[in-house]
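In structure tokens, the next block holds one chain alone, the form predicted alone.
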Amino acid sequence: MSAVIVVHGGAWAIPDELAQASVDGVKSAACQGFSVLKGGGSALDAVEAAVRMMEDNTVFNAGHGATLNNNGDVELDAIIMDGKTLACGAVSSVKNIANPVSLARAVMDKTSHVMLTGSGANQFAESMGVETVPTDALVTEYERKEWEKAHDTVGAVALDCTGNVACATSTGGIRNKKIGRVGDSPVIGSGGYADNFSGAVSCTGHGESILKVTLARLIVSHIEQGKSVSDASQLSLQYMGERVHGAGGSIVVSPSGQWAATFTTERMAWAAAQQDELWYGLEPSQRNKDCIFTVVFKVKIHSNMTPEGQTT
């Protein structure tokens, strides 16, 4: 079985000043997840690692780059799902958690529940010894300045060498959302879904629209009816646009290793790693290819640069 991971950094009108950083971010996250798969790690471990990397990257609306609600606060949502057992964990409206995807996995692994929300989720995080961070540590100066504009989500899907699939999705939600608003990201069947019999999906875009059509499960349903992952994604996004006038995107991987990154918004940063090749794009119909080892080498060099530009 050829392992593969696909990641997205959100489907929205990504401004030019964030375009290159968004592409670089998803490429690095895909390489991070693929390194887990290459080392014999599970699809579940791979999607968690990839999403954690994007949560730590301030260019994305998740974790350290999260948007502010209408009270100027940060509320985070995340989901993770194992296609082998259909086990899943989710958190919504959590505060002061740098990596909500890992908290979602703790809900899956350590409780008998699927979703914890608000203060209850934070109390669970405290009981698990999850480190909390002040709100200011999660909010970038860019986000403060851009408070009035739209933003989006991050996610990953993966197939490991044993044939198991998994998905993970994480978000800070939409800017100026009402306190307590929960979108599609932590909702099973909407923001994500994974089943070894059909595939794994992570969705992004207008959350309320995605919820209304249960987009992730709709895509999986088309796959179960014999559609390719690309056609399943396109048909589902088209239906969402026609039925509820919502735009968005999705990444999908099938149990056979087919994958797709599809969107109806202006842009979506995405990357896919398979057989030491890295595919990525930002614009519609864009599909670039690079060597994973080249990207990893560049990331390592960049991470070892001092403020003066000298390698350490």
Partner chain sequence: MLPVIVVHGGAGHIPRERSEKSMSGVCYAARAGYSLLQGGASSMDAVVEAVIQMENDPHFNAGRGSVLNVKGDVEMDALVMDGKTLASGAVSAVRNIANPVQLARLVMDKTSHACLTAEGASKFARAVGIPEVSQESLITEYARMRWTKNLAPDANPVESQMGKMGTVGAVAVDREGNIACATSTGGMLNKMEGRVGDTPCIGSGGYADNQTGAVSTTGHGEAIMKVTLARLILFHMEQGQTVEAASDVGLAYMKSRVGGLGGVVTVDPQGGWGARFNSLQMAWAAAQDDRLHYGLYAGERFSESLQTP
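From a predicted model like this one, the values you see are computed outputs, not experimental measurements. Residue numbers count along the first chain shown, from 1.
Another form exists, predicted in complex with the partner chain; not displayed. Remarks below refer to it.
Heavy atoms within 4.5 Å of the partner chain in the model of the complex map, among the stretches 153 to 161, 129 to 137, 180 to 188, 97 to 105, onto 180 to 188 alone. Taking the partner from elsewhere, every residue among Leu116, Arg217 and Arg243 has a non-hydrogen atom within 4.5 angstroms of the partner chain in the model of the complex. Taking non-hydrogen atoms only, Glu208 approaches the partner chain to within 4.5 angstroms in the model of the complex.
Of the heavy atoms in Ser93, some are within 4.5 Å of the partner chain in the model of the complex. Although the partner is absent here, Ser230 sits far enough away that none of its heavy atoms falls within 4.5 Å of the partner chain in the model of the complex. With a 4.5 Å cutoff on heavy atoms, Gly83 counts as touching the partner chain in the model of the complex. Taking the partner chain as it sits in the model of the complex, the stretch 219 to 238 comes within 4.5 angstroms of it through a non-hydrogen atom at Ser221, Gln225.
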